[in-house]
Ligand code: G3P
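There is one chain below, alone, in structure tokens, taken in the form predicted alone.
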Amino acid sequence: MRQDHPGHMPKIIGHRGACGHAPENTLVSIAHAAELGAQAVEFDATITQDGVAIVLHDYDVDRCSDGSGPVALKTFDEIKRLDAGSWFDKRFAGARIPTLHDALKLVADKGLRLNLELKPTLGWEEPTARIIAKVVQDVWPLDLPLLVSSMSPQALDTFHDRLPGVALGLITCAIPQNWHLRMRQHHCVALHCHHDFVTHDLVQEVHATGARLHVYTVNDDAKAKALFAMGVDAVFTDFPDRLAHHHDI
């Protein structure tokens, strides 16, 4: 497996940090993934009402904090007061929704590879990608590889316009019939899909285009083994320690 491929990731990618062990998309989750031996992590970025890039998966704060309501209607001052740990376990009380700036710094300090997912609130694709691109440009070390992915073609296009040197990945669930056209249209070098839709033929077809195939979310070792046997390049997992023996560099 070529490690100089722009979309290369280690075989095991900690999903939202190590979100099976710690509250997702928090600094403690990212740090725990590194402690478990993960060589790569994935997390999600979006923006607040006042244009601060933060690490959050959902369009609202209800599921992963003690707050409620859409993130696009909250200022960063409101966001930073929320407890983003207690919902997972009281041991994590006081964990915060991090800024993208702080999360990028932590990943870089740990020497991890990163898949950064753009998660715009529907309708805010352009400002979300533009603001995230600015933070990446300001914070992420030029010598560290980065893969930016999204389900939103508009967000990918906006990001590419600002940072054309960064590798991009297209996220789907089921594989669209015109996936190759979509990837070429949006400058993507990796395809990310749900594990249910992976076949040996798909892997061969993706590799024939020179792209990588990354699969989510795989927490079962037997499933991971079967996917790697089909030639899948990497899997996202909530428990990077469970799949540790699949690690490569």
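Heads up: residue numbers just count along the shown sequence, starting at 1. Quantities reported herein were computed from a predicted structural model and do not represent experimental measurements.
Not on display, but discussed next: the form predicted together with the ligand.
Every residue in the set H15, D44 and M151 has a non-hydrogen atom no more than 4.5 Å from the ligand in the predicted bound form. The partner is absent here, but in the predicted bound form a heavy atom of H57, alone among K223, H186, H180, H57, sits within 4.5 Å of the ligand. With the partner removed from view, the residue among L112, V166, A133, I171 that has a non-hydrogen atom within 4.5 Å of the ligand in the predicted bound form turns out to be I171.
Residues within 4.5 angstroms of the ligand in the predicted bound form, judged by any non-hydrogen atom, belong to 117 to 125 and to none of the other stretches in 76 to 84, 156 to 164, 117 to 125, 98 to 106.
Although the partner is absent here, H192 is a contact residue: one of its heavy atoms lies within 4.5 angstroms of the ligand in the predicted bound form. In the predicted bound form, the ligand lies within 4.5 angstroms of a heavy atom of only one residue of 210 to 224, namely Y216.
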